[in-house]
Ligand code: ADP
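Just the one chain here, laid out as structure tokens, in the form predicted on its own.
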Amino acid sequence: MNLRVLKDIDVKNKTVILRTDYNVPVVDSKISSTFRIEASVKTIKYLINNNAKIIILSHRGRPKGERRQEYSLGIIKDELSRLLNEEIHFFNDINESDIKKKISKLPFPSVILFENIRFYPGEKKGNSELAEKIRELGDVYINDGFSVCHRKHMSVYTLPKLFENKCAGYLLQNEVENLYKLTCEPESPYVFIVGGSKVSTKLDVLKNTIKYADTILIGGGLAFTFLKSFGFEIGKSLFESDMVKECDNIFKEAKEKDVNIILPIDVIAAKSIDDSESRIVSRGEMEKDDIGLDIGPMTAEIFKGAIMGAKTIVWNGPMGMFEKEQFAKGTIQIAKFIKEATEKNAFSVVGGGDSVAALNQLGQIDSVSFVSTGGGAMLEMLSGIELPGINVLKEES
């Protein structure tokens, strides 16, 4: 792998443009998980220790190129300052006429945070004019935001093309190295656990994982499209009719490669997502007005058996409607099983918002081998897709 990393470039006394991912959850005006901010600290401290002036570009939410106060990075500034024990200089607008002069007056080292880069329409469009303006502010480009590496956005793809000196930060390097292991002769037995709502969003990663995994455990809403493809009644559960043939193809390919795919044999069902009354239903006994909202206890035990026997474990996506307490048990159980397997020396990787949230809820964010900061980027990398934000940092680019 020829990814440029921090040790490959000189950052001492340089002005560094650093792309991070501060898209953190905020509830009642408070950050509910600082995981992504904390993950960026190692790279920033390294730069500070090398007397660099650091200009941070980041985003939060999807403001669609508009200035929307609810997506401001002002809330990030205070938390980052606390974690670094450093003053953070916050700049509201890249387009200020004297922005370059203001930055030049700051001492080395300094930490600068620009307002949400997605407030600019040019970010999503990969605008070269905006990239040129930012290029004038720095000597070195570093990407430490893995979760956006699958996007050809300005700050991820267009901007680094303008730099000769560019590399991955510690977070991005760690992501690439750990996820690369999963597509380069992972230790067997390899168990891949996939949840979430739709087959269509996980189709490519399922197809690619069949090349490496021994067992695939399928939960969440996408399990019901698979169950429907086998003729089971799924009631009003999530279903993608155009994915039935794809489900058949996945099972066919898995059989040819001797990969075991396990679907739920029981589910937690209710008549609506707001129904306080739920019950355990076997997959052959769902009624036409039932909605499957979590894996059942027998399924959890079967999944546990596979997980506890694994040497490599990957988990992406919840087992049910995790945001509602009565349908969160399956997801939480999976988190516990993976923790136990990791303690028995399995190599475990967890990614995706709800999967990471389950670990957080249990206070077990450090209980697995590696927690990915990316959901979509992780899936694309495991799908065998080359990520533009990573390719642009490689030696030949």
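From 1 onward, residues are counted along the sequence shown. The structure displayed is predicted, hence computed values, not measured ones.
The form predicted together with the ligand exists for this protein as well; it is not shown, and the discussion that follows is about that form.
Student: So which of F192, F226, F303, F322 reaches within 4.5 angstroms of the ligand in the predicted bound form, heavy atom to heavy atom?
Tutor: Exactly one residue meets the criterion: F322.
Student: Which of these residues, G169, P160, G296, G317, gets a heavy atom within 4.5 Å of the ligand in the predicted bound form?
Tutor: Contact check passes for G317.
Student: Would you point out which of 227-235, 138-146, 258-266, 196-204 contains residues with a non-hydrogen atom within 4.5 Å of the ligand in the predicted bound form?
Tutor: In the other structure, the partner sits against 196-204.
Student: Quick one: is G353 in contact with the ligand in the predicted bound form, heavy atoms, 4.5 Å cut-off?
Tutor: Judged by the heavy-atom cut-off of 4.5 Å, G353 is in contact with the ligand in the predicted bound form.
Student: Residue by residue through 218-232, tell me which have a non-hydrogen atom within 4.5 angstroms of the ligand in the predicted bound form.
Tutor: If the 4.5 Å heavy-atom criterion is applied to the ligand in the predicted bound form, 218-232 yields G220, G221, F224.
Student: Closer or farther: how do the CA atoms of V26 and D354 lie in the predicted bound form, compared with the form shown, if the change is at least 3 Å?
Tutor: So the answer is closer.
Student: Comparing against this form, do G384 and T225 have their CA atoms pulled together or pushed apart in the predicted bound form? The difference is 3 Å or more.
Tutor: Farther apart in the predicted bound form, by 3 Å or more.
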